Ligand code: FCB
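In the form predicted alone, a lone chain appears below as structure tokens.
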Amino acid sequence: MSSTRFPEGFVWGVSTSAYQIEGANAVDGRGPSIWDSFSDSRDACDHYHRYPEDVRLMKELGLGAYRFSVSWPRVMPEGAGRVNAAGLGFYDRLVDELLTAGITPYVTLYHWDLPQALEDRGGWPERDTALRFADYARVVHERLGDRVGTWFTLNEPWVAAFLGYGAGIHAPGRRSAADAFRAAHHLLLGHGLAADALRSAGAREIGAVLNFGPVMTPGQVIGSARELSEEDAAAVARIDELMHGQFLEPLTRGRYPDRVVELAGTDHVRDGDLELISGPLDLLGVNYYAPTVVQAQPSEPADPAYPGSDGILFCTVPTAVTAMGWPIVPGALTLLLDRLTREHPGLELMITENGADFADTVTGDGIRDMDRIHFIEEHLRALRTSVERGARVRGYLVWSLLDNHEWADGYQRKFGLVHVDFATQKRRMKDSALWYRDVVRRNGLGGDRPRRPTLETVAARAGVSRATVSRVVNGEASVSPEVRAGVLRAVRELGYVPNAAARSLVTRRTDAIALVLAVPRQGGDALTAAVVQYVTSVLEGAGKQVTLMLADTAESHRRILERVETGLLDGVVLLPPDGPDPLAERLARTGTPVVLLGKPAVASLVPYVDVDNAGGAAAATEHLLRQGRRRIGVICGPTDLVAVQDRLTGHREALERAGLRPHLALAGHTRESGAEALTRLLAEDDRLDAVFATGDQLAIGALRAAAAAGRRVPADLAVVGFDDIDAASATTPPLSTVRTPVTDQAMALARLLLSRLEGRHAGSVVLPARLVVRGSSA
């Protein structure tokens, strides 16, 4: 076997799912699913009516396999009992069409579209749903079993259980860790019952499809050879058990990992369940898109999609990413397959999903998606490496045939090899489809890798010189508007992405630094002023030219990115807004050194400077406890702010250590909202003897409300704030608070950026916060 060929008989195909492409949601007796209640797929790709055209496309691509899912509510509208003949008839016709085209059908029975009627009766957290799933499997097999050889029971049960019932970001949108664990077990039980029913009915081959995101630290992703710390190794192991072991261990070994048992309990697991779940597994479907990147972070609260993940930070990494922001790490697929082969020898595997969302360039003479071609090619090379090492991988199925309805993300994501105009339902093959057709014909990759459009290609299309294209790409003003427009039109038509060569006119160091302010920042006036003063002073003292820029509009974001991408800036100090900030991640992907003020809302590897908000809040709470206070309320500013979240976490953990529970009142930013919050707390518990506020403005409002209610401070009610603003020491009585080191944060930002500019490893800096005790709690 050559280095670019796959074994004889290797299966090439594509995957889809019913809810994402079928449409016809209210046609021919189909009942509603949980996704109809949660989202709106309208007519999706209308595959229900256009399946002959879609099968013809697959035949033109030379595909040998089509993995599709059956819609449970289309076959059994109430989830149990009555069978909808029209719904079964659709799959009957689809299978016949595939076989006539020489394409092998691979059927998935459950791809997340639970009948709403069963959800109304409790959904997957209820054991009865697993029993009804087995009934449904029998019905589908009775109709299709004479022509379908391979049956996958479930697709990605982790997603269905923990995104649907734990985090609530997928249908049915419930948020309960207990329900998520129960749903996970009953999904697996449904697999066992359905597999038993299918095998009894004569099914030749039965499998299940799991999502795999190899759990790695940031250092492992970027290739660091350093040994993991004990804490990071424990974080990796814990997430691996929650994401992978929780499903793979019951399926292959009839047991749950100990940590899962500790978290979920066993009340919902009956005798015989695990024996049934671990029945013979003929084929394991492997869905791989990206690794799961984590590191230990003691103060981090648990991610609701991973109950029990407290103390673990989910990170982004400075690699190439898809349009969804998922890191592109083909090598992790090799690691995954090597591990599965090592730990489960003899188990046959199939890559049942692999693909990516990218922004396609639609032109009159084609649809350019070179990024997708490179993504698939690199993952095929990674797969080929594992096959050569002995992995038993039957085939590779691209996700997906068509651009479709991407669940909670709607129609904005494009995973398809085939472009769909959702207004007209017109299908057009993308460049990636034509490239994949050649891969299938060769049973492997060609000798020459796909090439991106070059400067020369763009120059030829625009009728200008290579240097002119470079000047346009670099934003030089010397090019006339007419020529610039022509070059940019050629760039769009060809899907050209500038590389380092295209930016060769501006690759020299400029010693220019941008200090970027995103507004508004709540309560940050003093800190912002200090950053402007001290960052500018330190960087200019180091010979840098500092430019102050505002990032308050989409146009300003574009302008900042353009200056960074064209090499006009050597580094960026960013003061992001209080909420999520896409600018930070977009800047990080340019490779230019960037540092942030404040821990970002979305976990990131961009280094930042912050204060220990959780530790400061814990210190304030422990001070109140030492004063003998036991009925402590917390006035909490907007919980979408990262600093507020961390302060609330620190307060709660300090109370829990003392065996107490928090009394929470939500507030805004103002003194008035702090006063209103304390009034609510006192109405709920008139014996309240202390309050911690996550900001000084809220604490000052609480002092005013306490006086109005006749409560003496601190005799009747102790009050502690956070931030030590100027007004804190001037209240009556003076406010106890947590002081954040303003100047130190500014200086640390400047030093952190200088370290990065010099190429030295520089991690985030978290500075201690200090409790200042004054009259309000003494």
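Position 1 is the first residue in the sequence shown; the rest follow in order. The model shown is predicted, which means the values in this text are computed figures rather than measured ones.
We do not show the form predicted together with beta-D-fucopyranose (FCB), though everything after this point is about it.
- Within this chain, Glu406 lines the site of beta-D-fucopyranose (FCB) in the predicted complex, having a heavy atom no more than 4.5 Å away.
- When contacts are judged by a 4.5 Å heavy atom cut-off, Phe152 does not count as touching beta-D-fucopyranose (FCB) in the predicted complex.
- Remark: Trp112 counts among the residues lining beta-D-fucopyranose (FCB) in the predicted complex, judged by a heavy atom distance of 4.5 Å or less.
- Residue contact with beta-D-fucopyranose (FCB) in the predicted complex: Asn287 places a heavy atom within 4.5 Å of it.
- Only one of Tyr496, Tyr608, Phe415, Trp435 lies close to beta-D-fucopyranose (FCB) in the predicted complex, with a heavy atom inside 4.5 Å, and it is Phe415.
- Scanning Trp399, Tyr256, Tyr91, Phe375 against beta-D-fucopyranose (FCB) in the predicted complex with a 4.5 Å heavy atom cut-off leaves one residue, Trp399.
- This chain is displayed without beta-D-fucopyranose (FCB), yet in the predicted complex the stretch 155 to 163 from 270 to 278, 240 to 248, 155 to 163, 92 to 100 comes within 4.5 Å of it by heavy atoms.
- Within 4.5 angstroms of beta-D-fucopyranose (FCB) in the predicted complex, the stretch 343 to 376 places a non-hydrogen atom from Glu353 alone.
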